[in-house]
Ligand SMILES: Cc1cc2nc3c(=O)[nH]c(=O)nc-3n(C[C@H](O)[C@H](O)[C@H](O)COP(=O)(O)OP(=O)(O)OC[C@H]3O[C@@H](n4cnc5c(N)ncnc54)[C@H](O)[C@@H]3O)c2cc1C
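Below you'll find only one chain, the form predicted on its own, shown as structure tokens.
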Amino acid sequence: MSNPSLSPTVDALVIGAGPAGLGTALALQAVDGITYGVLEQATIGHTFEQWPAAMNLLTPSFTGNAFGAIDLNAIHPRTSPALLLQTDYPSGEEYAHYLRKITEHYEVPVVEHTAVEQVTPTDDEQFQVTTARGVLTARTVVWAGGEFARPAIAAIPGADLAIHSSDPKAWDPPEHDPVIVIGGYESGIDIACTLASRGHQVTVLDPETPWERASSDPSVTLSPRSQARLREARATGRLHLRGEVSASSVEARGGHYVVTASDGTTLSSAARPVLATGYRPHLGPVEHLFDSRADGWPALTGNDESTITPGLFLAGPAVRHARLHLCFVYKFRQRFAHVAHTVGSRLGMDTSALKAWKTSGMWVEDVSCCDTSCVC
């Protein structure tokens, strides 16, 4: 793929070429007359290429666009990863391929290998963006840096002795060694089921017992695919779930790792314990331009804009409104068109082409309507 150069001054600059950054750029492309571009510190879809080989998307891809059912992993209403990749649960490498092909097809101006070093608001309500290649000026900035680069580490003594589930080495422990997994939500159950299928005895610790939680919101309960895998893994007798207890410490003793649980019991293994403790928002050089909510996530206006830096928007899984977590592609893509419409409208530009996002069910303006419970 060619590596285009950007104009030194653009109306909207997107930082990050993952699904959130590219999806926002594609929505901006529909705004008549806007100048925009994307900066990526590595390559398009780089984060997905770093996924452990055994990891796949949790949401299924299915080609139903012609019937108004847009592929759950699509970032543009006229595309389908299922059709392109011919698979239902894409791997990281496969999804990165989709992102590269969609960028090529829609000619999205992405400049790769260009890390952003500093973002500075200027007196004339613009942003000066400093990169290793030079300085750009943007009227608005959309940060889409994702979360994979910032794994959450449990705040317990000895946590540095463990290994995070995002590390490929966590998925390849010594043969037949038992494995202790700290955290029982999606990433914990994913790696636990995978290792149990390979013959490992796996114990999962999580005080919140997420595998028993029932909710219509997949952000707070296990996906149907994970529940199905969980049943299969438990049937082998090699997967052991310990709810209502947490890991209180990790120690190295005589060539083994010992995890002490909150009830005083201990577990020991030659394999490093796995921290399946999720991720935190990766804000990089714009972190100081966002205020924080009480739970540590970025504070946003109703337009996904920083509450303290007008013109700076957030896209991706770190977008949260009240208790609503927009952590899956099909969730956070609902905001691409809204951000593009907000930016375009402020600049006095025609955003009517974004109607295609709304008619396709890829634009939710009022996120409060997303808090819905199912009757069964």
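The first residue of the sequence shown is number 1, and the count goes up from there. Owing to the predicted nature of the structure, the values given are computational and were not obtained by experimental measurement.
Omitted here: the form predicted in complex with the named molecule. The next part is about that form.
Query raised in the report: 304-312, 27-35, 62-70, 41-49: which one contacts the named molecule in the model of the complex at 4.5 Å, heavy atom to heavy atom?
Result: Selected stretch: 41-49.
Query - Sole residue of L354, V10, M362, I15 within 4.5 Å of the named molecule in the model of the complex, by heavy atom - result: Checking each option against the named molecule in the model of the complex, the one that comes within 4.5 Å is I15.
Query raised in the report: If you check H240, H282, R229, R100 against the named molecule in the model of the complex, which one has a heavy atom within 4.5 Å?
Result: Contact with the named molecule in the model of the complex is made by H282 alone.
Query - Close approach of V135 to the named molecule in the model of the complex, 4.5 Å, heavy atom - result: Close contact is absent here: in the model of the complex, V135 is far from the named molecule, nothing within 4.5 Å, heavy atoms only.
Query - Non-hydrogen atom contact V116 with the named molecule in the model of the complex at 4.5 angstroms - result: It does: once the named molecule is placed as it appears in the model of the complex, V116 has a heavy atom within 4.5 Å of it.
Report task. Answer for A144 alone: is it within 4.5 Å of the named molecule in the model of the complex, judged on heavy atom distances? Result -> A144: yes, in contact with the named molecule in the model of the complex.
Query - C327 within 4.5 Å of the named molecule in the model of the complex, heavy atoms - result: Answer yes; at least one heavy atom of C327 falls within 4.5 Å of the named molecule in the model of the complex.
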